[in-house]
Structure formats: C-alpha cells, structure tokens
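Read the single chain below, which is given as structure tokens and is the form predicted on its own.
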Amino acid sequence: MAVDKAFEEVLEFVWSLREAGSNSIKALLEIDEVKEAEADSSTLEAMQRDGLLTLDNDSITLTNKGEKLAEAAIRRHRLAERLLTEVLAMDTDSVEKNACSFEHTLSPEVTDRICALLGHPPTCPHGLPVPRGECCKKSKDAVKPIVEPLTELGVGDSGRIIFILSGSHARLDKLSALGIVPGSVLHVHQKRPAFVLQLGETSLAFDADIVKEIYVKKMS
C-alpha cells in the first residue's frame, strides 16, 4: 500500500508519542516535522476514513492497519539514522534531517539489507528500539555486517562499541561502570581461555557470554 508522506509522518509521530506516554492530538499537531509535512486535523480525518487511526476528542489511536505501517516507518527511520551515523559518520545535527528524507525512499528489501549490514541493531543512535524485521529472524544474511559481535574480532584487532545487547540491567550497569559503553574502543589482547580486552590503559578479562553481547565496528 502506497502511503502519503504526510500520513507517514503522522504515523511515525503517533508511535513516538506513544513511546513517551502520550496520545494527544494537540501534542501531535504541534510537532515541527508534522507541521512541515503540512499535516493537520483534516489529514487526521482522512487517515481515520482510510482506517489507519481512530480519533476521540484529544486522543488518537492506531488501528491494526495503521500499527503495521507505523512500525515499518519507524523501522526505516531508525535504521536510516544508524546508517548515517555509523557508516557515513555524519554529525548529529545532520542525521535527523537527512534520515527524515532518506527513509521515504527505502523499499522493504533495501531496509532489510541495511539492517543486516548494521548487524541488526536493537536501537537507534538515541537509544530508542528499532522494530524487528524478517531479516532479524534469519540465522545468516547475504550481506556481511559492518557491526558484529566483539567475539568475531581477532587477537590484535580493535573495535568501537556500537551497542550492547543484554537483557541484564545489572550486567549493563557493571559494564558501564568499567567504561564499556557505546563509543568506547576496545582492543582484543586474548580470546582463550578468557577474553582479555584493553580499554585505554586498562586490561579487563571477561567470559565469552558477556563479550558476545557487545557489538562493535572493526577499526582498520
């Protein structure tokens, strides 16, 4: 289904507002990007007629149809942000503006290829979740990722941490206290019997089950 750009912007920001705990129509229409897309109350009414959302006083809710389209739009946008940040190394001020334009050109196939290339990142650069795609469920990808588990690096290699994929808050807190956070650079000194990593002037030893949760971009 082809979706009008204004419709896509609305769907994205309804989703984003919901993540922030709001479903206010007034708040939605005050967002700069929504204004720039020339979306207004008549746009919302048209979307309601198309079965994308429902309106009730100041509340807005996505239908199942709207939910799927919003999820796809959010996925494209957040992957675009990752691509522009990690591959093209664009500055923070430029990323959001360009991601907004770039995302509308991405087909589902290209979106999945970008996701695979980036190692299926769980979050965007702002820490917000990237919705999972079909490609994330496959064991192998045709595209070699540029972001990979730290375990894939060889002895002597260095990698910049892109994200840490762990369900343990205690573990994340421990790693953070050691300075192992996105943006830090780790050097692999040893892989067996335990991983020995160099962070600045500090050497740290970890089990493989911790290291495999750290995703990095290999440094040349």
Partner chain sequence: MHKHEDAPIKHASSNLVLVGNPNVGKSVIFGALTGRYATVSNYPGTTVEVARGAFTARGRSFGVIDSPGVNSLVPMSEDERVTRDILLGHEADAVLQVMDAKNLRRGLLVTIQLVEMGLPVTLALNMYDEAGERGITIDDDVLSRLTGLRVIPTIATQRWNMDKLDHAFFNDTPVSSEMRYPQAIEDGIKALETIAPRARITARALAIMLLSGDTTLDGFLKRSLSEDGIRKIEATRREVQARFTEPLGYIINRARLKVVDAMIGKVVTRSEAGHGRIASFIGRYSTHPVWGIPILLAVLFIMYEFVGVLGAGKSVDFLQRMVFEAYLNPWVTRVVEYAFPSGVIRDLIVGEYGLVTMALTYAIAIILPVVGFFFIFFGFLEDSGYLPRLAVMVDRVFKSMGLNGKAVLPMVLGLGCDTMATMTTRILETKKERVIVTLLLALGVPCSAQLGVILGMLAAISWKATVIWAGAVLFIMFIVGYASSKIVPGAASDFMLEIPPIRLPQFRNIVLKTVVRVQWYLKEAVPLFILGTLFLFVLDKTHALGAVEYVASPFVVGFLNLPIEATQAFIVGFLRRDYGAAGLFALQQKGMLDPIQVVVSLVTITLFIPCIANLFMIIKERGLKTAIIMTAFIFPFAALMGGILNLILRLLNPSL
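This structure is a prediction, so every number in the text was calculated from the model and none was measured. Under this definition, the rigid core comprises the largest set of C-alpha atoms superposing within 1.5 Å between the forms. Positions refer to the first chain, counted from 1.
Quick note: we don't show the form predicted together with the partner chain, though the next part is all about it.
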The partner chain in the predicted complex: contacting segment from 43-51, 30-38, 60-68, 179-187, heavy atom within 4.5 Å: 179-187
Contact flag, residue 203 vs the partner chain in the predicted complex, heavy atom cut 4.5 Å: yes
Contact flag, residue 55 vs the partner chain in the predicted complex, heavy atom cut 4.5 Å: no
Residue 210, heavy atom within 4.5 angstroms of the partner chain in the predicted complex: yes
4.5 Å heavy atom contact, residue 26 to the partner chain in the predicted complex: no
In the predicted complex: members of 25-50 within 4.5 Å of the partner chain, any heavy atom: none
Rigid-core frame, C-alpha of residue 212, shift of 2 angstroms or more between this form and the one not shown: yes
Rigid-core frame, C-alpha of residue 59, shift of 2 angstroms or more between this form and the one not shown: no
Cα displacement of residue 201 between this form and the one not shown reaching 2 Å, rigid core superposed: yes
Change in CA distance between residue 74 and residue 168 in the predicted complex, which is 3 Å or more, as closer or farther: farther
Residue 169 and residue 78, C-alpha gap in the predicted complex relative to this structure (3 Å or more): farther
